[in-house]
Every structure is written in structure tokens, then in C-alpha cells.
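As a starting point, one isolated chain is supplied in C-alpha cells, in the form predicted alone.
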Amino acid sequence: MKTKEKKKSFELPSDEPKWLFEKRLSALISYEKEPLPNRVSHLWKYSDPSWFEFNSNNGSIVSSEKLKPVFALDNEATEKGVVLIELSDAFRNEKYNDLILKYFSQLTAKCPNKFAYFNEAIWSSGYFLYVPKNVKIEKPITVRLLFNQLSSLEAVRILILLEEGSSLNLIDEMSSPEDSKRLLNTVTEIFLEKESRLSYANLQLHSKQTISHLFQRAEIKNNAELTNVIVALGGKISKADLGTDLCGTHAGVTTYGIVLGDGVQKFDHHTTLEHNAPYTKSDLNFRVALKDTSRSAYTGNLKISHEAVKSDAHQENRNLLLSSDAKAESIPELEILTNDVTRCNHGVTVGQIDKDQVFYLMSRGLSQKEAEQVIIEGFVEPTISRIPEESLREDIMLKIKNKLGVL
């Protein structure tokens, strides 16, 4: 460790398995050795890494509370063997040792970075979700994480595992009170074994004083499918680094992104979709609406390897600007190493709100604010309507309406 100051800033848990404590210590050493990312790199072109760094300048203090997720799952899921518990409890339960050792940190190890190292060293909150072989749960499971402390750093770790032939709908909601000022570091690892199905929604509803960094990685095996829904409505600065490895034949991922910004909010989303097996499929639809001086950056990296013949890939990012001072950046990148693909394309649009549409709606009795709200709802509806779970569609639209009510 480099400085005494950092040693005093936080302590590693001492009541965990020895191997986990050693893993934390190793990660902490790696974190302190690893320099901040270079702004020249593609991933950090639109965000200053120092915004997410643990230091006294941004008011970072480690949370003194142990955040407890609130789980909502019915008896059917529990009776069928679905496990949803705090991650720290999973580490202390011998029943899950083999699973934890096999999967935990396997995806972050493939793409080491300073912020993942930090999370691995100090995480204190999070959960472990496990769905046994061939178990199918229709009713959505909800996890809510409410960050109550007004000023602190929180590191959250999430591990999701679906065994062969299983299926689940999961809604993951993170929020904080409007007067809270915090730095949040979240790492999520998702493993889908063959022929499993996961619909996963991450809803970010933080206060406008919160700075958050999300690092998500997913590994998808043969004939497995992930529906990944990312909704970002809150926060002062929000960055999400989302990566998916389609490593099994006929593996698929569909990504839906919805971002609404106002004031001085900043959003930065980066996706990496890797086709590493034949007949894999990816579809990405990202919609962004911005007002005032808010900012959004989307960068999408699509890779199709030599082995990924007959792959089908599509990316679409549309941006709607409701003021002349709002700004959106979009950079898609394609890396295709085989000449035998079914489809590989992308589309990007950035445009101002149609004043004629606003005028027409106002002529029908709506105020300018109401007219803009109707246009935004219509703009995001094509993306929301494609989300397979009806209750999730309704929940997302309700949250969007709530935000639009204060824009």
C-alpha cells in the first residue's frame, strides 16, 4: 500500500474465509499499483477517471452502514431451489463454497482494471442469485438497494448464476435520497449456462449528487439468452461499462438502453459485444433524451471473431436533444474477423426535438412542457415495447413518467 492515509481510510473484513481475505488484499495491492486509465483510451474519452477515484477531494468516505438489499421473491422460487442471499452470507455458507470458488471473479479477471480491483478489495454489499438446473420462474424477482447515508463510498458486488435450462426475470433497482452525496462502485458478473434464459433489468435512480461506476460482465453458453435492460435516470455522473461474451453456439444477447438527462447530468455508456462462437446473435437498441446542459456519450464495440461464422449483430443508438445546450456523442466500432456473417450493421442518429411537433401538440391545448413529455415518451416507447416482460415495461414507463414530471 502506498500511503498511510489510504490504509486508514478503510479496513478489510476479517471474518471471511482466508482465501477471500487474501484475494481482497491482492486486489487492493493491484488497485494501488494500477494507474488511472489514460484519457486517450476509447473507454475513457468522455469521462475523467478521477471522478470515480477514491480520494478525499470528492468526499469519499467508506460507508459505515452495511447495506442490506431488499429481496422480493415468492415461495415458488424458494421451493424450487432458487437462492437469493447477501453475497457476504454466501461466502460464509459452506453449501455454496464450490459455486463461489468456480465463478466468483472469473470475468473480472479477464479484463482487469483499477476500478474492478478496488471493488474486489472493499465490497461490503451485494447479493448472490442462483437458479438450479431446469428451474423456470415466471414471476419477476426484485432486488432493491437503497443507499441511505448522505455522504459515503459504497462498493457493491453482484454474482448471478443460472444453471442449464433455467430461466428467470430479475429487476435490480438502485436508488438514493435526493440529498445524498456519494460515490458508488458496482461490479456485476453474470453466468448463463447452456439453454438458460435471463431477463435482467438494472434501474439507476440515484440522487443528482451521486457519482456511480458500473462494471458488468456476462458469459453466455450454448443456446443461452440474455436480455439486458439498462435504465439510467438519476445521478450526477454515471458511467457504465457493459461487456458480454457470446462463447457458446447459438448464444444471444439483446441490450436495451434508456437514458434521460436534465440539468448538468452526465452519462457515459460503453458496450462490448464479443461473438466468439458460431451462430451467435446480438441486438442493441439504445435511446437517449437530453435537456438543459446534460451530456451523454455512447461507445459501442462489436467484435466478431474468426470462429463466429454466421453471426448476426445489430446496433442502434438514437439521441434526442431537447435544448441547444444538450450534447450527445455516439461512436460505434466494428471489428469483424470473418467474412461469413449473416448480418452486421449499426445506426446512429443525433437530432434536436421537432419544433413543429411541439407546436402541433401545444395547438391542441398542451403546455410546452407537456408537449415535450409526450414526445419523449413516444421516443423511448419503441425500445420499451420490445422488452419481453410486461410488468417491467410498465415499471420502466412509470419511472420515466415520474422523471418527466419534474423536467
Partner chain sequence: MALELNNEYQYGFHDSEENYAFKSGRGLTKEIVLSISKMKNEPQWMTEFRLKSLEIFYKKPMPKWGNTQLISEIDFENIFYYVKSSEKQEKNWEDVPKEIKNTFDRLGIPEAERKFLAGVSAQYESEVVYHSLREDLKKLGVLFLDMDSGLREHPEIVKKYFSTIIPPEDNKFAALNSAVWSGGSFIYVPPNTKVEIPLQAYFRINTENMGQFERTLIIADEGSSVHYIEGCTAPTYSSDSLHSAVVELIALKNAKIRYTTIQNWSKNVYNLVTKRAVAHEGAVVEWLDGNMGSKLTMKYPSIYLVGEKAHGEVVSVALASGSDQHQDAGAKIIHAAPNTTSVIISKSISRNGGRASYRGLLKVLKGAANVKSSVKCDALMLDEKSRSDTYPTMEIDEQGVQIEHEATVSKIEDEKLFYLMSRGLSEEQAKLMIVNGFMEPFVKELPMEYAVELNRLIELEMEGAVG
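Positions refer to the first chain, counted from 1. None of these values were measured; they are calculated from a predicted model.
There is another form of the same protein, the form predicted in complex with the partner chain; it is not shown, and what comes next is about it.
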At 4.5 angstroms, heavy atoms only, are 224, 241 and 245 all close to the partner chain in the predicted complex? no
Based on heavy atom distances of at most 4.5 Å to the partner chain in the predicted complex, which listed stretch, 260 to 268, 327 to 335, 168 to 176, 90 to 98, is the contact stretch? 327 to 335
Tell me, yes or no, whether residue 46 is in contact with the partner chain in the predicted complex, where a contact means a heavy atom of each within 4.5 Å. yes
Is residue 349 a contact residue for the partner chain in the predicted complex, using a 4.5 Å heavy atom cut-off? yes
Would you classify residue 30 as touching the partner chain in the predicted complex, given a 4.5 Å non-hydrogen atom cut-off? no
With the partner left out here, check for me: in the predicted complex, does some heavy atom of residue 357 sit within 4.5 Å of the partner chain? no
Which of these residues, 36, 366, 344, 374, gets a heavy atom within 4.5 Å of the partner chain in the predicted complex? 344
Sole residue of 136, 102, 306, 110 within 4.5 Å of the partner chain in the predicted complex, by heavy atom: 306
